[in-house]
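Coming up is one lone chain in structure tokens, specifically the form predicted on its own.
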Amino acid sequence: MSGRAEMLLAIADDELILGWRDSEWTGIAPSLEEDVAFSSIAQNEIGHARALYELAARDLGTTADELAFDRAPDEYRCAPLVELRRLDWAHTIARHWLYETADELRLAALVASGDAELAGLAAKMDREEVYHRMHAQMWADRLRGEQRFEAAVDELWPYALGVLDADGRAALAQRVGREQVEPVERGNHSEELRELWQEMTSVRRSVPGATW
């Protein structure tokens, strides 16, 4: 598998799994406004995943549906940060803020890359991610200084570093005002991902050939 396909799958898997996790707040968020906000964000993330899978599928001679739903749980390349399930609100916002900050740096690097096709997709995604970042920053500013939120950021910080490769981690640490620590790297999947995979692929497994 080419380096480009590996990278596309890693980002697509991040977006797909985080989209599913964000959607779990629908109906149980602290307010109706946040129900709508997280549902919208989840739809965007899953849409970005699909676009990335389609690009990777062309490189790999397969389809977006096969990449999204036909792989075994251990074949996903998502960062452990996005796998965590049903976090409380403080942890959810901490993850939201840390992930969106890391994703902004990642997208900027892709836009500046020499791959015109990938740069174009990254630029489109980045424009759509502006709302995500505004929402995350609004909540981070609102909760900053509260013990539960600060503890959640500290707990999830090693996971956040694992979203980016080694070259991007210093910039992330500077952006969020924290020292680098040992990251929780990709490839360390949790049982929570396997449980989500069962739910996420149930239609595809019960109706062979079902499409996105």
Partner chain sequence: MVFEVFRQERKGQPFQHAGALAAPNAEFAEAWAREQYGRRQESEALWVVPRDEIRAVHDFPDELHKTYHRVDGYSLKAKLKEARQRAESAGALSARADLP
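Positions refer to the first chain, counted from 1. Computed from a predicted model, the values in this text were never measured in an experiment.
We do not show the form predicted in complex with the partner chain, though everything after this point is about it.
Residues 31, 37 and 131 are all found to lie within 4.5 Å of the partner chain in the predicted complex, as judged by heavy atom distances.
Remark: of stretches 116-124, 96-104, 69-77, 134-142, the one touching the partner chain in the predicted complex is 134-142 (heavy atom within 4.5 Å). The single contact residue among 161, 49, 41, 56, judged by any heavy atom lying within 4.5 Å of the partner chain in the predicted complex, is 41.
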